[in-house]
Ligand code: JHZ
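One chain comes next, on its own, written as structure tokens: the form predicted on its own.
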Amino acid sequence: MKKTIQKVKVCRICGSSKLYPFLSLGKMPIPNGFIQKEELNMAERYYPLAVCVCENCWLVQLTHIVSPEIMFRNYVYIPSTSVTMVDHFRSMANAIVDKYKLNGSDLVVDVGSNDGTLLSFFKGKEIKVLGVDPSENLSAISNLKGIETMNNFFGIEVAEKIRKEKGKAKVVTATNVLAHIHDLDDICKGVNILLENEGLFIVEFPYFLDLIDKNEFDSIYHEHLSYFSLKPLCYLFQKYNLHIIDIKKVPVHGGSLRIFVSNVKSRYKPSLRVKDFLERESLRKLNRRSTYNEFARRVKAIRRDLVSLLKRLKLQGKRIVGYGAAAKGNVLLNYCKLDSHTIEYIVDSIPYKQGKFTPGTHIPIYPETRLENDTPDYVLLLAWNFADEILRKQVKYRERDGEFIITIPYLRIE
């Protein structure tokens, strides 16, 4: 029987054992492990959630890894339910097609393709597409939508199979997936097998500098094994004759980077933006323990202040609910030990989650329409990365004098 969890002993990029732990969020269930009503009295599995930094290549990473089979075979995050993400993926696909002159003979492969939202925009331009995703439920949805999707984890074997059956890819995309992968060597080898000589590996991920600048500690959870800055990625790609040729800063998920990677022998050369980002990281002292210790101090302060605020409001007889049954929200709830005694219920737009309960804290989840027929005093915004979209949706609630409590980047009431 495979282990469900393992302790990280060496850095997944450089192999160093010089790992400095700087923040623990305690033990908690898998944040996307929503439970049914009949499971409420059953024991849940709890796993350590803590981060360390490699003092050789300076990759920030979890101290413990939960088996991907537990986390990804039945996945509940679906980007097509968010207007923000649909617009983002449409813009991304259009920009790639226009900049790199893709046409109907080109193949785009999306690693961690989810329900096929990104690929649908490439397909809409008559470009050949193929998704690869380990989630059985989402792969089925994607295939039903006409986006051909392989239900598997991407790596050397899958890359060889695709190359044999479909040919080489002009573009391989990976949005919000690289951080989920433990064996980064395997994915880089797979990309080398699959890409055309002049092909591009285009990756998006939440940027670690934004995470610490905006105190986005609830983005740390079991699915996210790595928290990337640019320097460790340069170290990784260099091992496989790949290099970063360009970078674009994008606002999704609290601040992300879109990086463009090619073979060092291709015609593409690194832009000045790559050098600028590396210099900025150096100035931010990401090679100092003090930087990480200070971040940990701020995280603990946010927990203290939020718990104090909610306790005070409850003593005043105020009603509080949550908005967004997001993984990051479940991290916040478990870290702060907030259950249904404090948060009456949570509303969410995703049907998969409605009727279920949050892992660990057992707060019931309802459709967003519940908030239309109720006016609690406060709503704790658990999906702050979609704050603008949610606040636009809930104008009527705010007109009824309802207020939102937002924790990131700092605690405030709006």
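Quantities reported herein were computed from a predicted structural model and do not represent experimental measurements. Numbering starts at 1 and follows the sequence shown.
Below, we refer to the form predicted in complex with this ligand, which is not included among the displayed structures.
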Stretch in contact, per heavy atom within 4.5 angstroms of this ligand in the predicted complex, of 324 to 332, 96 to 104, 166 to 174, 301 to 309:
324 to 332
Please determine whether E196 contacts this ligand in the predicted complex, using a 4.5 Å cut-off between heavy atoms.
no
With the partner left out here, check for me: in the predicted complex, does some heavy atom of H180 sit within 4.5 Å of this ligand?
yes
4.5 Å heavy atom contact, E223 to this ligand in the predicted complex:
yes
Does C11 reach this ligand in the predicted complex, with heavy atoms at most 4.5 Å apart?
no
Under a 4.5 angstroms heavy atom criterion, identify the one residue in N56, T63, S67, S349 near this ligand in the predicted complex.
S349
Which residue among S135, S120, S82, T149 has a heavy atom within 4.5 angstroms of this ligand in the predicted complex?
S82
Going by heavy atoms, what in 371 to 395 lies within 4.5 angstroms of this ligand in the predicted complex?
A383, N385, F386, E389, I390, K393
